[in-house]
Every structure is written in C-alpha cells, then in structure tokens.
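Let's start with one chain on its own, the form predicted on its own, as structure tokens.
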C-alpha cells in the first residue's frame, strides 16, 4: 500500500502543491481517476472520508485520516514531515504564505471560474498580480533570500513555504510562460527560488511525470481557455 492517496483532477493547479510536498519527503502515493473523484465529491458528507465540496483530498493510510482544502493538507504534511518550524511566528508565517497562494489561485481563475477573462479585465488585474508577486518577494527579502541563495522564511532548507511558493509561481509560469517575464521583473528572487526548487531531483522528476500525464493544462476548462486567450492577445 502507498503512504497516501490523493484525490485531485488530472491537472496541475492546487493538486501540484500537494504532489510537490509528497515528492519532497519521498512519500509514495496513488491518485484516483476522474470518475472516482466525481463520485466521491457527490456523496453526502456523512459518506465522505472527510466532509468536503471538492478536491484536493488527501488520505494518510498509516494514520487512517483524510483531509480536504489545500492549505490544511499542506499544514498537516508540514507538521508531520518536519517542513515547518516549531515556533509560533514561523508557523503562522507559513500558514500565511499558503493562504496567500490559495488566494492568488482564486483570483487568477476569476473566483474558480465564476467569470471569464476579457482583455480589459486582464489588463486591470495585471497590477494586482504584480503586487502579489512583490509581496512574496518582500517576504523573502526580509529573511535574507536572494535569487541565488536562501529560502523564503530564512530557514536553512526548503520548507512548506518554499514548496508552496514554487508550486504557485513556478507552475503558473511553466504552464503560462508569457507570465515569466512579469515574475522576473516584479519578483526576481522568487523567480530564482522557483528555479532552485524546481531543479531538485525529486521536483524535476515530478515535473517530468506531470508534464507527461497532464500536458500543458493549468486550471483547465473555459477559464483556462479565456486566460490563454488574453495572454496570447
């Protein structure tokens, strides 16, 4: 039996945050197919392993526990696998970084696809996206991080904050490469951090496997189509 089972759609997006951490700690996991995920999310809360509206859901087989919501899953994995500092301030900052990342995903998909991008709405959003990038950049700067060295919260090795940051900005700019120059301009140290994390052997292997399985899909559906359309204009 594998260590974990991840329920997430066959795309990168929020699931990649969980996959990145599992790969980093050397855990084994399997993933279910689209139909199994749809069936699970359609069950009543009483029938679900953890009450949830949608994936990601992670089951830890050894602990016989399941969690939903990407930030909660990363918090659990971070504490279990020693990827978060023990002091309250560092832990809170890690939670803050993951929450910020989740907010960026919500915004770049226009509230999980509630609306579609237009040229005008995207142009209006770009300064806000740059501000998000600058917020991550300033966090790293305050902890001594540069493009070439260091980590987001001043730790001596990558933690949840770094893996989440790379899963956010690294995945976004890999799948939507026209956004990479924006990241390099607004947050050069973050761009460097993403490159350094992505070059780790387990992360490089994960990316190759993900690219083979999911192709260039980012968030999928009509919202991704509208996003790619405005980026190519």
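Only a predicted model underlies this, so the values are computations on that prediction, with no experimental measurement involved. Residue numbers count along the first chain shown, from 1.
The same protein also exists as the form predicted in complex with a small molecule; that form is not shown, yet it is the one meant from here on.
Original post:
Of the listed stretches (119 to 127, 135 to 143, 155 to 163, 101 to 109), which one has a non-hydrogen atom within 4.5 Å of the small molecule in the model of the complex?
Top reply: Correct option: 101 to 109.
**OP:** Check, residue by residue, if 150, 169 and 192 all come within 4.5 Å of the small molecule in the model of the complex, counting heavy atoms only.
**Re:** Not one of the three qualifies.
**OP:** Verify the contact flag for residue 69: yes if a non-hydrogen atom of it lies within 4.5 Å of a non-hydrogen atom of the small molecule in the model of the complex, no if not.
**Re:** Yes, residue 69 lies within 4.5 Å of the small molecule in the model of the complex.
Subject >> residue 9 within 4.5 Å of the small molecule in the model of the complex, heavy atoms >> reply: Judged by the heavy-atom cut-off of 4.5 Å, residue 9 is in contact with the small molecule in the model of the complex.
Original post:
Can residue 53 be called a contact residue for the small molecule in the model of the complex at 4.5 Å between heavy atoms?
Top reply: Contact check for residue 53: yes, within 4.5 Å of the small molecule in the model of the complex.
Original post:
in the model of the complex, does residue 43 have a heavy atom within 4.5 Å of the small molecule?
Top reply: It does not: once the small molecule is placed as it appears in the model of the complex, residue 43 has no heavy atom within 4.5 Å of it.
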